[in-house]
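One chain follows as structure tokens, the form predicted alone.
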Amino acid sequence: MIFYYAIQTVSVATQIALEEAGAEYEERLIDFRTTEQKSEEYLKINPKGRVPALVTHQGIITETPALLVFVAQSFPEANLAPLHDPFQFAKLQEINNYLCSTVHVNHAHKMRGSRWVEDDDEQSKAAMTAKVPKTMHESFDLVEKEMFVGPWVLGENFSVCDCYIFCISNWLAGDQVDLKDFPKIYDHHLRMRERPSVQKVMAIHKL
């Protein structure tokens, strides 16, 4: 497999999962500083021009929730998802899809405003940026109170949800949100940093 990633992006979540699974894969860094994600070569891998992307022997997979489930199902011995419990597996996907569709989008309003308004609409982009601390705090407050079971996201067993929550929790300081406002997630964040897989990925992404 070939894993395309950019440092300090949502790629972190899938890369932790790959390491937890003991997967064999090649790393391919996409340099956002040179807009390599928009290069003709990379657009052949992912026409969306985003990361991450994973090349498998069956084809290419994009989008973090899909990638996390793929890793969990491809390496069942790693026990990264409740594969034999339909309800719990649905809860896993519920959380991951919320992180993808709502939390990540809230964060992106800070520096990706041109996805929603014209490039020269500085007033609208500034308004979106200004609201990021509020929307990110509200999002993590919901996760803390309604989704996070503890000690891991789904309960007693570590899962790919933990990779995803940890990844996004690293963005909070830059979004002017104090991680300590969420005691369970803060404790989780500290415990995640003790895992060998996380330490390896943190070194790659300079976190």
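Just count from 1 along the sequence shown to find any residue number. What you see is a predicted model, and the numbers here were worked out from it, not measured in a lab.
Just so you know, the form predicted together with a further copy of the same chain exists too; it's not on screen, but the next bit is about it.
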| item | value |
| --- | --- |
| Contact flag, residue 170 vs a further copy of the same chain in the predicted complex, heavy atom cut 4.5 Å | no |
| 4.5 angstroms heavy atom contact with a further copy of the same chain in the predicted complex for residue 137 | no |
| Partner proximity in the predicted complex: residue 146 to a further copy of the same chain, non-hydrogen atom cutoff 4.5 Å | yes |
| Contact test in the predicted complex: residue 30 vs a further copy of the same chain, heavy atoms, 4.5 Å | no |
| Non-hydrogen atom within 4.5 angstroms of a further copy of the same chain in the predicted complex for each of 48, 58 and 90 | yes |
| Within 53 to 74, the residues that have a heavy atom no more than 4.5 Å from a further copy of the same chain in the predicted complex | 56, 58, 59, 60, 61, 62, 63, 65, 66, 69, 70, 73, 74 |
